[in-house]
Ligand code: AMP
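Just one chain follows, in the form predicted alone, and it is written as structure tokens.
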């Protein structure tokens, strides 16, 4: 293994290359639409009919022929339609049709006069409506044509799309009560250290609770994986070997092991930092064993050379999607919580996303305006806990998000981590960034 530290950009390129070649689409399952949030489509969403399925009004008002309405002559109100009514018509000459937003236009109408743009009256036993001058009307005004959004048979969402509220609404509109999605990758999470006790335990002097386990489990779920929390492993080679073996090669013949292993702690250069050798004994080949970042410098990324045929079929018996080999990657993440969070977001989250079948796998980076000066030492790309406010400066004419570092006491500061909603990215070459500069942030 190489002891050369990669720059952040070099490490990110290694991660991106690995994410690109991961073939995670090995099992498909069907879930109810109401349970689809955050899941990844395995098969496209196709329009079952035109959208909208009829010429639809976008305003409350009166459907009409635009040419007739623009002459400002009274038009007899020939009928009325509400949303949910079947299309009516045909619309008689010199007539209008009272209509509600979302209702279908009667045959023969080509526009809608908005309610606030007309005058109404009675005469000769009929009600009339007139477009008030000098306003005129164009054909298709306040109307959405049938099929303007989609045609029957159009592919609306591709496989690999993450289902959020908008995508779920579209699937519902197309009649999908259930969706075919990729199975979530199983991510084993192993916290190490003699000092760790369970969250519910009362720590003895010198001990701390295992906060990284539940934190990483939450991050895995957000990235699209299914967390598998292992018992804490002691700082002994034998204990690590057993724990890693449990994750990647369980004794039970019905369990195939984790798709990804995250080990938290024990990756520095100290006497009891035993994770890297343990991963190597388990067969891992390393892509990198350190990155020039702060926090998170000793991060380890490797891959077990053990692709295995996976006999799992989808529920329809259709077999395995796109091949039969599973890739098993592993990370050694620093034990300090801020370091563990940063390195997960930068490196592990893209791998989880790729294993989940997501098309977009990179870390979630954005731009913001720096609220205060920041000093730094060149040589490392730094990720500082920060808080970004969105829209807070609108009254002052500042439209960009505003970001400011959160005071922190180093990579073990859980309070700062919990108060931050992002990390300010300080480039490797920077000695100072002045307030007002546009900077990158890593969303948290």
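What you are looking at is a predicted structure, and each value in this text was computed from that prediction instead of being measured. Numbering follows the first chain given and starts at 1.
The same protein also exists as the form predicted in complex with adenosine monophosphate; that form is not shown, yet it is the one meant from here on.
Of the residues given (341, 196, 284, 258), 196 alone sits with a heavy atom within 4.5 Å of adenosine monophosphate in the predicted bound form.
Residue 334 is the only one of 225, 350, 334, 106 with a heavy atom lying within 4.5 Å of adenosine monophosphate in the predicted bound form.
Within 4.5 Å of adenosine monophosphate in the predicted bound form, a heavy atom is found for none of 57, 110 and 129. Heavy atoms within 4.5 Å of adenosine monophosphate in the predicted bound form are found in exactly one of 185-193, 350-358, 76-84, 134-142, that being 185-193.
Residue 372 falls outside the set of residues with a heavy atom inside 4.5 Å of adenosine monophosphate in the predicted bound form. In the predicted bound form, adenosine monophosphate sits beyond 4.5 Å of every heavy atom of residue 234. With a 4.5 Å cutoff on heavy atoms, residue 208 counts as touching adenosine monophosphate in the predicted bound form. In the predicted bound form, adenosine monophosphate sits within 4.5 Å of a heavy atom belonging to residue 266.
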